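Next comes just one chain, in structure tokens: the form predicted alone.
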Amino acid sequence: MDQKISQKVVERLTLYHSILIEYLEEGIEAISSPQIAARLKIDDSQVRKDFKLLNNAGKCRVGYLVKDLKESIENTLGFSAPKDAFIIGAGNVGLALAKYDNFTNYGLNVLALFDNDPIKVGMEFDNKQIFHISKLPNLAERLNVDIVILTVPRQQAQKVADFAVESGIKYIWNFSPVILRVPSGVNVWNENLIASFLQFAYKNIIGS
């Protein structure tokens, strides 16, 4: 698709996709924009506007075919092009992400984990090997991987990110609670769990 999609639209499309998976699992073949809007508590016109970006007009008095709509979202967001990745940091968060099977449904294949803990190095978790961090450059080149999921402690995050960039990594999904400094050409997506909780608490608990 040539048209640039905003981050807000991408976020809504991923939510629509989750709903469509539920419908498929329940054997429901069609869905309407009002049904989706009601689930997400947004305006029906916004849903229809988003779907126009997918070149999926739906059918009168039928709605949208769930299977076709799901495939349209997957093609638009690139689910159909599998992407290999490494996890750096075999702690609680890293191991939880390594075990999350649904990543494969969205085209993300976690091949291995990396850590510097001699107790963890050499172990296998969920059929994924844990390598010493020093092996990253070689394996990234051999397996043509340029995506890492960073789950190391805050104090180590920048140093590890620097090493990852030197190893040829171009995309970092950062779960460490720190804003990374990276050179141009390297993309970082921050997934700060503490910041998300604070925003949730302020909006729903403190601000209520």
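Every value quoted in this text rests on a predicted model; they were computed, and no experiment measured them. For every residue, the number given is its place in the sequence shown, counted from 1.
Keep in mind the form predicted together with another copy of the chain is missing from the figure; the text below concerns it.
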{"query": "Another copy of the chain contact at K49 in the model of the complex, heavy atom, 4.5 Å", "finding": "no"}
{"query": "Non-hydrogen atom contact K135 with another copy of the chain in the model of the complex at 4.5 angstroms", "finding": "no"}
{"query": "Any non-hydrogen atom of K128 within 4.5 angstroms of another copy of the chain in the model of the complex", "finding": "no"}
{"query": "Contact flag, L108 vs another copy of the chain in the model of the complex, heavy atom cut 4.5 Å", "finding": "yes"}
{"query": "Heavy atom of each of D68, E71 and L143 within 4.5 Å of another copy of the chain in the model of the complex", "finding": "no"}
{"query": "Partner contacts for 90-111, taking another copy of the chain in the model of the complex and a 4.5 Å heavy atom cut-off", "finding": "N92, V93, A96, L97, K99, Y100, N102, F103, Y106, L108"}
